[in-house]
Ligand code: SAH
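A lone chain, given as C-alpha cells: the form predicted alone.
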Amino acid sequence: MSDCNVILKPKKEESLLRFHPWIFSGAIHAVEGNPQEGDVVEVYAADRRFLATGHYQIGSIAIRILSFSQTPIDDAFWAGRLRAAYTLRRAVGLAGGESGNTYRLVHGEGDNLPGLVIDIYAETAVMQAHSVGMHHARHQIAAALKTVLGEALQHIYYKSEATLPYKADTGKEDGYLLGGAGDEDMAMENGLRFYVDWQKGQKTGFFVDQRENRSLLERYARNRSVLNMFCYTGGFSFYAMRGGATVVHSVDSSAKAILMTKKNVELNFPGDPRHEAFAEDAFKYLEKAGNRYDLMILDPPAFAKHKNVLRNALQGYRKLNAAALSRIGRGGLLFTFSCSQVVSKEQFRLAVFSAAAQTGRQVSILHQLTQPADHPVNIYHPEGEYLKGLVLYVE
C-alpha cells in the first residue's frame, strides 16, 4: 500500500465513481506525505472513502489510475494486467496469428494501464512510457512481460525519450531491457513484410493502428493510380501494390522515411517499376500533381497535440483536404485521416466537409474509419478514441 494519500475536494470523486482513469490537479484538496513524481498514491474522497490507486504526476493530469481497489502495485499486478491484454489480442486473432506477428499489446487506458504503450514486432516488444510512473516501473513491467509471453519474446526495447513529460527529470534511458539488436528488424502484417526502425523511427517504428485501414485500401486499389502522402515507411504503398494498383507514388518530407519506404516496397515487390518515392513537402507536391491520381491517402502526423492549437489544426486539415479534393481524378477515392486526439470525429468531418465545399465537387462518404481492436477504447475513457478516417468518393 502507498505511504502517500491524495484527498479530493467535495464532490470531485464523481468521475472516479464512473471509472474515469484521470484525476485533474484542480480536483485535489490535499496531499498527505511527500509523493515524488511517478510515485504510487492512494486517492480518497473528502469524507475519507477510498477511491483508487494511481501514479502521481506534476501537471494538469495529476493522477493516472491503476486500480479502483486497494491492490498492491507489485509483480502480480503487472503480470495480471499484461495477461489480460494478451488474452484480448488472442481473442481477436492478432496474437499468435499465422499471417502476421505485429500488433499493439498495451494501449494505455484502453488496457487499464494509463501511460503505457507496448507494440509487438515478431520477437521484439517496443515499450513506451507516457508517464513518469510507468517510466519508474519499466524494469518491473519488462520482467512481467517476459513472464507472460515466455519464449515468444526475445527482446524488449524501451523507447520513451520523446514521450515522457518534457519537464520530468528522468534522464535518457532508451535502450534494450532484454536481449539486443538482432540481425534484421523485420516484422509481418497480413502476409506483407516490412523493416522496423524502433530505435530512430517515429512512435515505436511503425503505425500499427492503420492495419485494417490498409487492408481496406488494398481492396480498392486495383487499376488505380495511387498517391500516398505522408507515407512514413510505406505501409499504404505496399498494400496498394498488392491490391493491383497501376502506379504508386509515396511522398514524405523525411528523406529517411523515403529510404525506409523504398526498402519495404523492394522487400515485398523487388524490382517492381510501379513504385516511386519522393522526399518533398506535401503541399508543394500536391500543387504540381495535376489530376493524375485517382486514389489518394492523406495520413499526416498529428496537427494538434494540445487544445490551444486546435483552431490552427482544423485549418490545416481543411487546407490539406481541399488541395487533394481539387486535384484527384474523376471517380477518385480519398482516404483521409486525423490522429490528433484533441480533434473530435465531428470536428474532423466538418473540416473535410468545408474542404469539399470549397472545391465545389460532389463528394460521398463511403466509410468512416477508426482504430483497430488492438487499440481498444476504455468505455469509461472516450478520449482514447483518437484515430479518425473517412473514405470519400469524388465524382
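Residues carry their position along the shown sequence, with the first being 1. What you see is a predicted model, and the numbers here were worked out from it, not measured in a lab.
Unshown form predicted in complex with this ligand; subsequent notes refer to it.
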Query raised in the report: Looking at this ligand in the predicted bound form, is some heavy atom of each of Tyr232, Ser253 and Asp281 within 4.5 Å of it?
Result: yes
Report task. Classify Arg214 as contacting or not contacting this ligand in the predicted bound form by the rule of any non-hydrogen atom within 4.5 angstroms, answering yes or no. Result -> yes
Query - 4.5 angstroms heavy atom contact with this ligand in the predicted bound form for Pro301 - result: yes
Requested in this report: Classify Thr246 as contacting or not contacting this ligand in the predicted bound form by the rule of any non-hydrogen atom within 4.5 angstroms, answering yes or no.
Outcome: no
Query raised in the report: Does the 4.5 Å heavy atom contact test between Asn268 and this ligand in the predicted bound form come out positive?
Result: no
**Report entry** Option touching this ligand, based on a heavy atom within 4.5 Å in the predicted bound form, out of Gln202, Thr147, Thr71, Asn190
**Finding:** Gln202
Query raised in the report: Out of Tyr158, Trp78, Phe194, Phe207, which one falls within 4.5 Å of this ligand in the predicted bound form, going by heavy atoms?
Result: Phe207
Report task. Work out which of the listed stretches, 110 to 118, 138 to 146, 84 to 92, 293 to 301, brings a heavy atom within 4.5 angstroms of this ligand in the predicted bound form. Result -> 293 to 301
